[in-house]
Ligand SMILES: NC(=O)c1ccc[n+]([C@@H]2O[C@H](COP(=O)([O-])OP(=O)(O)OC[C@H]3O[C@@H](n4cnc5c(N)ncnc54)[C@H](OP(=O)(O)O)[C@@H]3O)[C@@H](O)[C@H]2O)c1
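In the block that follows, a single chain appears as structure tokens, in the form predicted alone.
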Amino acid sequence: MQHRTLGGQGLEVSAIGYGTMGLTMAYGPGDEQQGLAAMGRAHELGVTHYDTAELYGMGTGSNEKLLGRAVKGFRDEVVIATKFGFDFSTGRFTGALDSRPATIRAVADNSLRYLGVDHIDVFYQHRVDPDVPIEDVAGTVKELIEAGKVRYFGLSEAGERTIRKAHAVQPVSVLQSEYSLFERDVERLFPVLEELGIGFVAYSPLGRGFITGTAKPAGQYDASDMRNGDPRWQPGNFEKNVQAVERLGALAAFKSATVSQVALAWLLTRGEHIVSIPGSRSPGRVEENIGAADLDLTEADLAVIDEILPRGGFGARYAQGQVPTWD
């Protein structure tokens, strides 16, 4: 497994990591034992980057606890990233944001306890909170770094102005946002990331599973699955996206690979500062994803991909009103 350095503070991770969100939320009921097996298999195959968040356990710590169990035997060999930024003061998820300094400190302590670790490697602001100056957020994380509770500072779904303001207070090691063959809007931020020396982590690198070739029309998933309301799964967009994946499948077959491997390998060609964190509930899928690190795409291959999806997939990535504001 190749490794890449993200940011100028020394954060080094495997080129392909593991995202844990789907183990406990967004994609229907999960199997805990399968999740543990998948995370263990990822480690066996060289994955050193595991991503979780307070949100993924809906404030209960369930996702972080599961990850903590999975990596307990090799914690010192991996980078653990988690996130703060939502309000769970009512005991449930309302979508409200909360990045007040006191909340950040409390979430850090909770995450340390849930994960069963003595430090968090990467601590992200999950979403920008318009009610809290980003300088205060960065300053609080800086205090946590100085206290030894956190090693690196990250932002998620932030825009250029926020990134610059935060970076001036505490160097930002990494930005995390959705990025895949289906979602390319974040590319407009790459120049500022290069200028400031900030790495990039792509979440949902397989288009929330659409690019795996297993997509079903909206309404055919479990009622708790977010894809039922995803614009890309709606009539009109769905058929066009299926056709695009089928065309990618022809290229994948030519390369003796899968569509997922082509999509993940494509991401690695976008820059040396870019890594991805595909999620998977099965060891077999983990093996498939990690195989992408050994897939070489030629300039001709990249040209074919650009012809199929020159601007991303069909349909917005979120329903109207749900898209994070980049500022």
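The first residue of the sequence shown is number 1, and the count goes up from there. From a predicted model like this one, the values you see are computed outputs, not experimental measurements.
The following text describes the form predicted in complex with the named molecule, which does not appear among the structures shown.
Peer 1: At 4.5 angstroms, heavy atoms only, are G209, S260 and E288 all close to the named molecule in the predicted complex?
Peer 2: Yes: each residue has a heavy atom within 4.5 Å of the partner.
Peer 1: With a 4.5 Å heavy atom cut-off, would you call L66 a contact of the named molecule in the predicted complex?
Peer 2: Outside the cut-off, so no.
Peer 1: Should D51 be classed as touching the named molecule in the predicted complex when contacts are defined as heavy atoms within 4.5 Å?
Peer 2: Yes, D51 lies within 4.5 Å of the named molecule in the predicted complex.
Peer 1: In the predicted complex, is there a heavy atom of the named molecule that lies within 4.5 Å of any heavy atom of S111, even though the partner is absent here?
Peer 2: Looking in the predicted complex, residue contacts with the named molecule do not include S111, since no heavy atom lies within 4.5 Å.
Peer 1: Is there a heavy atom of G313 no more than 4.5 Å from a heavy atom of the named molecule in the predicted complex?
Peer 2: No.
Peer 1: Could you check which residue among R100, R227, K149, R247 gets a heavy atom within 4.5 Å of the named molecule in the predicted complex?
Peer 2: Only one listed residue qualifies here, and that residue is R227.
Peer 1: In the predicted complex, which of the listed residues (A70, A292, I277, L268) lies with a heavy atom within 4.5 Å of the named molecule?
Peer 2: Spelling it out, the residue with a heavy atom inside the cut-off is I277.
Peer 1: Using a 4.5 Å heavy atom cut-off, which of 131-139, 181-189, 200-208, 87-95 contacts the named molecule in the predicted complex?
Peer 2: In the other structure, the partner sits against 200-208.
Peer 1: Even though the chain is shown alone, can you say which residues of 88-127 have a heavy atom within 4.5 Å of the named molecule in the predicted complex?
Peer 2: H126, R127 sit within 4.5 Å of the partner.
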